[in-house]
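The data below hold one chain only, encoded as structure tokens and taken in the form predicted alone.
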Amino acid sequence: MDIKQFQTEIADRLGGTQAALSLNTAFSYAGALLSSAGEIRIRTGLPLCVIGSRRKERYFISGSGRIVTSGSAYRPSKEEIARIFACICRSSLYAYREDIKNGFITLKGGHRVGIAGKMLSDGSVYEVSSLNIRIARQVRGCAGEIVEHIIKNSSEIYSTLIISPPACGKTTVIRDIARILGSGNRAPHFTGANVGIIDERSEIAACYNGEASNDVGLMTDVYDACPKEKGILMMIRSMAPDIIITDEIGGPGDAAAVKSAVNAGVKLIATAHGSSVSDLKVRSEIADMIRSGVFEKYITLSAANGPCTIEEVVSGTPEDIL
């Protein structure tokens, strides 16, 4: 989805509220703002804020759509937040109940709306007070340097875990990795392979009506909105992938599914939250994968010089890593 389509989608989902009008005017008034935006923060009684892709860039938006200081910014009311949330859910909280329990709703194009507020014991949100619209972008070529560490030869890759804190480009990177590995690459040379994507949050391929919104490769199959534990095993049995790509591993059951893939001769590209390999040692599911030798390489990213900055590349035996 291009940025204009995103603007149309957000205007539609925010339902003609003052926040929507202010953002729409701001994006039209300052086109560069939309092209560099990474997040839109809408909080009850607090300034309407657009955050740049580097996260240090913050722009406060007035009711008339101008970039202003925080003191002059538009402050959405509790009622407006409730109306925005209802519009995002298409006035059907039931239809989105599982997404809401996970704390986010995925929009067309892979954009994700994070939700915060008063929680119920079942994990659903009773009273929404904050929304964080995270803008997804396809950046072709952003994984060019990273695949140099992943591609082993013209027909093989290293199973790789990509580690980074939030908002450093993990999902953007693996989307581009899928495109490269599923289509082939010139330098380093890679002939291309059957790639299977387990897109649990509908962010990597961003499928809509069964079709991927993003270019994820010519030989790529996608399980959309499918839990990783189930999807990995289904992909192996039904689609015979050479490579499986998935995002944010570490949940219950992920380790067993990943081991099954490796035992079946399938290579794996996955991501995990953390600032370094050391951060993963205390997470039992991931530590179990490391101990089992599932991954051959670990690449740590940051946003030090913009998203997808490579900080560290580690390889070795499980004993070395642990």
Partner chain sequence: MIGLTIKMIGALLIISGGAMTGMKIKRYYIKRREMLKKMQDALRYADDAISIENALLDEVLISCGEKFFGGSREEDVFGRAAAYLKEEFGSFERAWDRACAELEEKCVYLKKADIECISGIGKALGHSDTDRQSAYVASAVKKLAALEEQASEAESREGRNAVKIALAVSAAVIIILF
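Owing to the predicted nature of the structure, the values given are computational and were not obtained by experimental measurement. C-alpha atoms forming the largest set that superposes within 1.5 Å between two forms make up the rigid core. Numbering follows the first chain given and starts at 1.
There is also a form predicted together with its partner chain; it is not shown, and the following applies to it.
**Student:** Taking 4.5 angstroms as the heavy atom distance cut-off, pick the stretch from 185-193, 147-155, 82-90, 134-142 that is near its partner chain in the model of the complex.
**Tutor:** Within 4.5 Å of the partner lies stretch 82-90.
**Student:** Which one of 78, 97, 237, 118 is close to its partner chain in the model of the complex, taking close to mean a heavy atom within 4.5 Å?
**Tutor:** Checked against the cut-off, the match is 97.
**Student:** Is residue 16 one of the residues lying within 4.5 Å of its partner chain in the model of the complex, judged by heavy atom distances?
**Tutor:** Result yes; residue 16 sits at the interface with its partner chain in the model of the complex.
**Student:** Can a Cα shift of no less than 2 Å be assigned to residue 158 between the shown form and the other one, given superposition on the rigid core?
**Tutor:** No, the C-alpha position differs by under 2 Å between the shown form and the other one.
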